[in-house]
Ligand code: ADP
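Below you'll find only one chain, the form predicted on its own, shown as structure tokens.
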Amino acid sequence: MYKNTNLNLTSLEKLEEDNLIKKTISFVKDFFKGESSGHDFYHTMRVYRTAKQLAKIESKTKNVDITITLLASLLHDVDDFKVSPETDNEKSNAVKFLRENNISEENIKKIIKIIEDVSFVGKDSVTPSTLEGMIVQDADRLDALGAIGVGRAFAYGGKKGRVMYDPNVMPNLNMDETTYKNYDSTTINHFYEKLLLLEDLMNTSSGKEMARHRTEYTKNFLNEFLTEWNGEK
């Protein structure tokens, strides 16, 4: 396995053809077959591509272990509580795949730590301790913003049977991890409870820059939605 790869265009192109990355992409494609919650194969691939883009930018001034970053980005949702709650605690799907592909236990620990820290869980959300973790977290959160983020919010709400909007139900802005995972909100409240908070939680300068435009789009959508809901247009 590559160790502490300083990312540049040549190494990035090499990793694109790397057999391990190809096998990981094939694994997640099969894993997410039929998933309709917005946490699907295409979400995973967007996070993977955004993580590559952020890593390339950040590597201009810092060292980035690109293989750790890419593997964590590809595997970040295979044990997510929204998709596979029975494996969430142990991250057993990711661990099993990595061990079957002869990844060292040291690197498995690094990848699993990134996966454990990636999710937004209300006020208990954490900032990753490594640059690789920060990149993957930013990439995942960027996919919750903008046009795709809006679409994913409604896809997840529909999957969970959530009400689209109820003006009598106020957003809950003070949830801990347990409450966040079990709270039955509305889709529009989710914008206030998570999506509009993400720009300020970005870790990298490149992530913050990307989030700015997507957040503006998200706010414009929300304003238009509420204007139409209230019959003002």
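A residue's number is simply how far along the shown sequence it sits, counting from 1. Every value quoted in this text rests on a predicted model; they were computed, and no experiment measured them.
Omitted here: the form predicted in complex with this ligand. The next part is about that form.
Is this ligand close enough to Lys82, Ala144 and Tyr180 in the model of the complex that each of the three has a heavy atom within 4.5 Å of it? So, yes: the whole triplet contacts this ligand.
Though this ligand is not shown, can you say which of Ser59, Thr44, Thr187, Thr50 has a heavy atom within 4.5 Å of it in the model of the complex? Here the answer is residue option Thr187.
Given that this ligand is left out here, which of Val78, Ala153, Leu131, Leu98 has a heavy atom within 4.5 Å of it in the model of the complex? After the contact test, the surviving option is Ala153.
Ser119 versus this ligand, in the model of the complex: is there a non-hydrogen atom within 4.5 Å? Residue-level check for Ser119: yes, a contact with this ligand.
Do Lys113 and this ligand come within 4.5 Å of each other in the model of the complex, heavy atoms counted? Taking the distances in the model of the complex, the answer for Lys113 is no, it never comes within 4.5 Å of this ligand.
Please run the contact check for Leu195 against this ligand in the model of the complex: heavy atoms, 4.5 angstroms, yes or no? Contact with this ligand, yes.
Indicate whether Lys159 is a 4.5 Å heavy atom neighbour of this ligand in the model of the complex. Looking in the model of the complex, residue contacts with this ligand do not include Lys159, since no heavy atom lies within 4.5 Å.
Hey, of 88 to 96, 123 to 131, 104 to 112, 145 to 153, which bit sits against this ligand in the model of the complex at 4.5 Å between non-hydrogen atoms? Checking each option against the 4.5 Å cut-off leaves 145 to 153.
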